[in-house]
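Starting off, we have a lone chain in the form predicted alone, written out as structure tokens.
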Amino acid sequence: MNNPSTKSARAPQGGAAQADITVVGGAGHVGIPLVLAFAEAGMTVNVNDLNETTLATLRSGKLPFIEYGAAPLLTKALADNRLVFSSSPGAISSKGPVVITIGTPVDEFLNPVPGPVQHCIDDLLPHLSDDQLLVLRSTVYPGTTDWLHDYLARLGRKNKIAFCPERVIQGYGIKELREMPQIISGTSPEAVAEAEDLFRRVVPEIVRVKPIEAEFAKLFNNAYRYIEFAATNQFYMIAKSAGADYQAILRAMKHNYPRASKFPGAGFSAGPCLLKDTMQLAAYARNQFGLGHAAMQVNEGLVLQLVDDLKRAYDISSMTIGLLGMAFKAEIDDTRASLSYKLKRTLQMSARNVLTTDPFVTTDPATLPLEQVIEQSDLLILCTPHSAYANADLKGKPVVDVWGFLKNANVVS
């Protein structure tokens, strides 16, 4: 690892030296929408990422994953020479802001792991000048922004530090960046002012708070959404145990009743953020965040409850079960933390065979064409409500549909 206290910034090679801004992790889910937004705003962006395969994909004019509205922006950015691609810490731009999209992951015990943020910073520091703004963009453990300020100060560095959290919906980052307010925080007035000037280029509104408030705002947003899903999933399981139709209950609750208009339906609550951020909040609260732990038990337990219900209703040891949808949410190709895979692993312990399909996922060699899964399965489970399944001919096969998505299928309770 480079010596993080080294103050002299080595000039990057090629066009990276002329870039207006660097986005570290710029070829990832958080990075690409931001990269293209800045390029659309007329900035030259250094897309810095260790994944050279993904960089090559972008350089060829293709997107490595689904991001709606991004393709024409990528084409234009390449045509206008607005993108520079680099794959090492030493190739970051020596001028302009550096946006870091590395966040705080959790370990196998659901505790936050701050190491990746520090390792990233340590690798970058020898190549940064002291007047450069560092912007943390992904979810971080509360206190990380102030910690980074103090850490750099101990090393004799004077970089301006900001935390400006990403809060867009997966796959719709381009659209939502244009529509949603951007939370801005920093450890100095200069950091706040520079971060605000930067993001005003791509967002319609700025909301200024302290770093710890911005960090909590990001975590609270995701934890609240996760708890909302837990509430409806718990209600679904209660209704099901009583032999009641949860979809009918929802329709009755929401019909011309404004206070229930945004009440979510039941379904698999997953993905790379909601559970992780809820557990980071629980860890910060010294495991006194009972609502968060309860939400995890409900949302993760929904899959296990579904399997138990199937065992009571069928002899699944003699059945082939087909799973429709392996992405963690509809109309995207991202399988990270998808509960479809938890369901698959659980069923493989009991069913004769488990088949999977998804019209978007291309990274899982086990997925099969939809028609083959329907033909070979004795029972189907709708895991992800992709629109492609809405009118699919399921051949009259029994289908488990927690979502209440399928209207003309042989849905079993």
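Since the model is a prediction, treat every value here as computed from it, not as a measurement. Residue numbers here begin at 1 and follow the sequence given.
Omitted here: the form predicted in complex with a small molecule. The next part is about that form.
- Residue-level contacts in the predicted complex: of Met180, Met296, Cys120, Leu310, one residue has a heavy atom within 4.5 Å of the small molecule, and it is Cys120.
- Comment: the small molecule is not present in this chain, but in the predicted complex one of His127, Lys160, Lys276, Arg157 has a heavy atom within 4.5 Å of it, namely Lys276.
- Put simply, Thr335 is far from the small molecule in the predicted complex: not one heavy atom of it is within 4.5 Å.
- Within 4.5 Å of some heavy atom of the small molecule in the predicted complex lies at least one heavy atom of Asp49.
- In the predicted complex, Ala37 stays away from the small molecule, with no heavy atom inside 4.5 Å.
- For the chain shown alone, Pro112 is not a contact residue for the small molecule in the predicted complex, no non-hydrogen atom being within 4.5 angstroms.
- Comment: 98 to 106 is the region of 282 to 290, 128 to 136, 98 to 106, 231 to 239 lying near the small molecule in the predicted complex, near meaning a non-hydrogen atom within 4.5 Å.
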